[in-house]
Each structure stands twice: as structure tokens, then as C-alpha cells.
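Quick heads-up: it's one chain on its own, the form predicted on its own, in C-alpha cells.
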């Protein structure tokens, strides 16, 4: 027991003797791999997220010509596997990542060209900005890719692509590659060198079985981690967005995210949750003249302009948006959209991961001094 009589004398923290002993302590910490919290707290536990990634915009007018040039010079085959060009965030030098958890790429397939089958633990999707003529074959099921469609490839599903048309086609790839790499969960396996099923049906087997949004085959009842429906068609997405805005015009409450702003989330019909386990996928439509409220979230996201034009404001910096442009929004970036014409945007984010971990935080900053 410490008493007044045996209590240590006050330490002179500025004395040369104390400073020498402290320096020796830190050297001994380093030697055995120890790091004192009192020297690192601000880096380990910041007051708010401080991402290395920065808000960034890639112009479609730059991306597509470069993808087309790669089609002339780079073959598709074993090894590289895909003619996919990752979009590297300037804040993440050396890593081909749009954000620390999301990989976005432009994939380009030449006429009459096949990309061989493989599978991996990373989940993937394809969003088609324009064109048709390619079928992605997921676990042997040929799925047509057309403008405005979202096509899924959940983790560990074999998949290859075939272009049966006489024109090239490009699309947006989204994967959770950085997230999976960061937690050492990457697995990859080659499949057949040729796409196994070269049929080109108008409807895939998954669409024939699941019928459409809200229809669950009784024989297949039961929760699945990812959506068993491999294609979400633009005709359904467009109808849903149009219907939301029409109902709002008719005065029906609870139909819009905010005035002039309709949105849909692609969901897993067996759970009602996100279509993919690690990525949230949505389509948003803003009426001309509409602005969204400024907000920020601890999730990061990537957006692509599908139709129309406008501007995006990120941390106070305004940038114009035109057809095909791709935008990276890191965590805790203050973000808002402004539509000059009717503006449709596809977006994906890492929000499902942080929801499951109870880490997701969102803040509306409109009207505040944030």
C-alpha cells in the first residue's frame, strides 16, 4: 500500500535524465513492436473519418477512347483475363482503387470476342451505360447485357463474357476487390477457356425462374446471401422511377427520397436486403432544377451519370456532370447533386458492410455550419 511516507517523489519531466530514460523506453517499444497510444491516438481515433481517398471525377469522354485503344492493342485471354481498366483515386497512389473498399473499372469487349470463365471470392456487377450484344454467362446461365441493366456476379460464381455482335461494347465494372484484399480473403480459380453456354436467350434462367421484382418461386423459398436474380432490367427500373415521380405529383405521400428525387435500391428477393452482400446498388432520378440536401456518410460510393446533366458538389467544390462521367465520393465527404435536366445516376457503395458492423453514420449538413 502506498502511504505519504513511501510515495514516489515528483518527477521532473524536463530533466535530461528523464528524457534519456524516455528515449530508451521508446527504443525498447520499437524493438518488440509496441506502439504507445498516447503518441498515436489522433491517428488511430480521429474525431471523424479522414480518408486518404479524395473526391474525384473521371470524364467518360476520356475513359471510353482509352478503353477503345486498349481494344486495339491488348488481347483478352488467360492471365490478364479481362480488358478492364481500373479507375485509380489520386489519393490512393499505387492502388487501382476508386475508394479504399471499392474497385470501379471500364471493361471493353471487341466484336465476336470472348472473355474466358473464372471465379473469385470478390463480388462483382456490371452496369451498362450504352450498347448491347454481350452476354455474361454466370454459372452456365447466359444473361443478356443491355443499356441500363444491372447484371450481378456474386462471389464464387463462374462467369465469362461473349460479344456476339459486330460492334464493341463497354460497361462499368464494380467489385469489392480492395475490401477483400484488405482482410486477406482473396481466392481465384480459372474455369473453362471457352464460355460454356454460348446461347443468347432473351431471358436468362434466373429471370425465367424469378419472374421479376416481387415474385418468388415457391420451390426456391429461403434466404440466400446474395440475390439469385442475375439481371435487373432497365425497363423495370425506369418504370419504378417514373411511377414514384407521378405518384408524388398526384400528392401521394412517402413516394420520394426528397422533393423531385426518386430512387430505387436493387434488392435480394429472398431477404429484402441488398442484392450483393458487400455493395449497395441504386439508381437515382432528379427532376430538372432539383438539388439534393447536402449530406455526408461514413460509407464511400461511386456514381455514374446514365442520363442528363447537372453538377455535383463535394466538400464545397462544384463540378459539372455529363453522360457517362464517373465520380468517387470518399467517406465523410459533404455531397450534393444538382440537376440541370432530368438526371439519372447509377451508384454503388460499401454501406452494407458498415451497416452489418454497426459502423454506418450519416449526417445531413444542409442548413448547418458543417
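Values in this document were obtained by computation on a predicted structure and should not be read as measured data. Numbering follows the first chain given and starts at 1.
The same protein also exists as the form predicted together with a small molecule; that form is not shown, yet it is the one meant from here on.
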Answer for residue 282 alone: is it within 4.5 Å of the small molecule in the model of the complex, judged on heavy atom distances? no
4.5 angstroms heavy atom contact with the small molecule in the model of the complex for residue 264: no
Taking the small molecule as it sits in the model of the complex, is residue 82 in contact with it (heavy atom to heavy atom, 4.5 Å or less)? yes
Should residue 113 be classed as touching the small molecule in the model of the complex when contacts are defined as heavy atoms within 4.5 Å? no
Is it true that 56, 87 and 129 each have at least one non-hydrogen atom within 4.5 Å of the small molecule in the model of the complex? no
Please identify the residue among 150, 299, 229, 175 with any heavy atom within 4.5 Å of the small molecule in the model of the complex. 175
Of these, 244, 292, 107, 270, which has a heavy atom no more than 4.5 Å from the small molecule in the model of the complex? 107
TL;DR on 158-166, 244-252, 89-97, 230-238: the one with heavy atoms within 4.5 Å of the small molecule in the model of the complex is 158-166
